[in-house]
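Encoded as structure tokens, the following chain is the form predicted alone, with no partner shown.
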């Protein structure tokens, strides 16, 4: 696989399978990861993402399949001899050492001299925005964000081709996580390394990644850019994993329309595949709007405004209509000018609906 700018595959997974007794954690997965990209593997708990990462990093052996780095098979190459580095969820820092000693550890194990180690350490500290005078600071006196930066600097210090990340932000509070998401993306650009990142948060993946692979029960169900995953999910699972959405069961009806029992009438869907007869219609909350007239949208539904929720720059509304509840999101400046319990008309255009299977 080659990217549009000429970059080639650095990491290739070919028919990868991992079994634990009768349980299959990874089932015949194949992936290509481009040199220099930020690639995220995302999935719910138990989907196999951490097992896959451990195999890629050399901490687990696959039951079947091959792992290639720059076209060289890595299956029998131990983790410490691979051109990779790992940032663990726990960070795995040495609490009895200073910031500098933690960052220099891998180079010290390789026999690099003290002066060269310290120069590399200070270079990496600058890259992750740690003050130089932190070099002698005990790691136990560092905040959560500072410890995260130390772990990043330590991983970069050995100059790996690929950095693996196993849910490094999962234990962070919301504010720090949002800050570090931006810093990870910026660091990726500065470091010019391949990042392979594991998370259960698709929001996290959407913010940072060049491409995303969504894992379900050990199988990759979709790979694409954040925009592709968001605008063209290929299944109900992927669309719902994206977050709050409107999901309507539909069946092909007459005149190219689709019957929707949940709202009591048919709906229009643009560019519906000819072989699609039954499944789900996905409508993003931001695609639904309040209507004054039926002609203001190609599809309509009436209901009662059940509640509203302030989300900073946006407002979310729940509208109960027949047998379903619609989620509507509008920018604050386009907020609904009315009250809870109002009878309202909402709608969306045919091009805003996405037909998916299970």
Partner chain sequence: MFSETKPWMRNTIYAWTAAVVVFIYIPIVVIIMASFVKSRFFRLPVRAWETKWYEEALTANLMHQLHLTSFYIAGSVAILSVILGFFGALAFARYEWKGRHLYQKLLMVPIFFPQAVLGLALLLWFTFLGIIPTWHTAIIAHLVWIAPIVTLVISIQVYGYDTAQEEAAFDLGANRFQVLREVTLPALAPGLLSGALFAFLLSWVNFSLSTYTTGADNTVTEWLYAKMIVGYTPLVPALGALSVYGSIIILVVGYLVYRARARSKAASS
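Worth saying up front: this structure is predicted, and the values here are computed from it rather than measured. Residue numbers count along the first chain shown, from 1.
Beyond what is shown, the protein has a form predicted together with the partner chain; the following relates to that form.
**Student:** Classify residue 105 as contacting or not contacting the partner chain in the model of the complex by the rule of any non-hydrogen atom within 4.5 angstroms, answering yes or no.
**Tutor:** Looking in the model of the complex, residue contacts with the partner chain include residue 105, since a heavy atom lies within 4.5 Å.
**Student:** Given that the partner chain is not shown alongside this chain, does residue 84 nevertheless sit within 4.5 Å of it in the model of the complex, heavy atom to heavy atom?
**Tutor:** Residue 84: contacts the partner chain in the model of the complex.
**Student:** Does the partner chain come within 4.5 Å of any heavy atom of residue 303 in the model of the complex?
**Tutor:** Contact with the partner chain, no.
**Student:** Going by a heavy atom distance of 4.5 Å, is residue 155 a contact of the partner chain in the model of the complex?
**Tutor:** The answer is yes: residue 155 has a heavy atom within 4.5 Å of the partner chain.
**Student:** Of the residues 143, 271, 80, 231, which one places a heavy atom within 4.5 Å of the partner chain in the model of the complex?
**Tutor:** Exactly one residue meets the criterion: 80.
**Student:** Identify, from the list 185, 252, 97, 178, the residue with a heavy atom within 4.5 Å of the partner chain in the model of the complex.
**Tutor:** Of the candidates 185, 252, 97, 178, 97 is the one lying within 4.5 Å of the partner chain in the model of the complex.
**Student:** Report the stretch among 197-205, 213-221, 170-178, 129-137 that approaches the partner chain in the model of the complex to within 4.5 Å, counting heavy atoms only.
**Tutor:** Only one stretch qualifies here: 129-137.
**Student:** Mind listing which residues of 255-282 have a heavy atom within 4.5 Å of the partner chain in the model of the complex?
**Tutor:** The stretch 255-282, when checked against the partner chain in the model of the complex, contributes no residue at the 4.5 Å heavy-atom cut-off.
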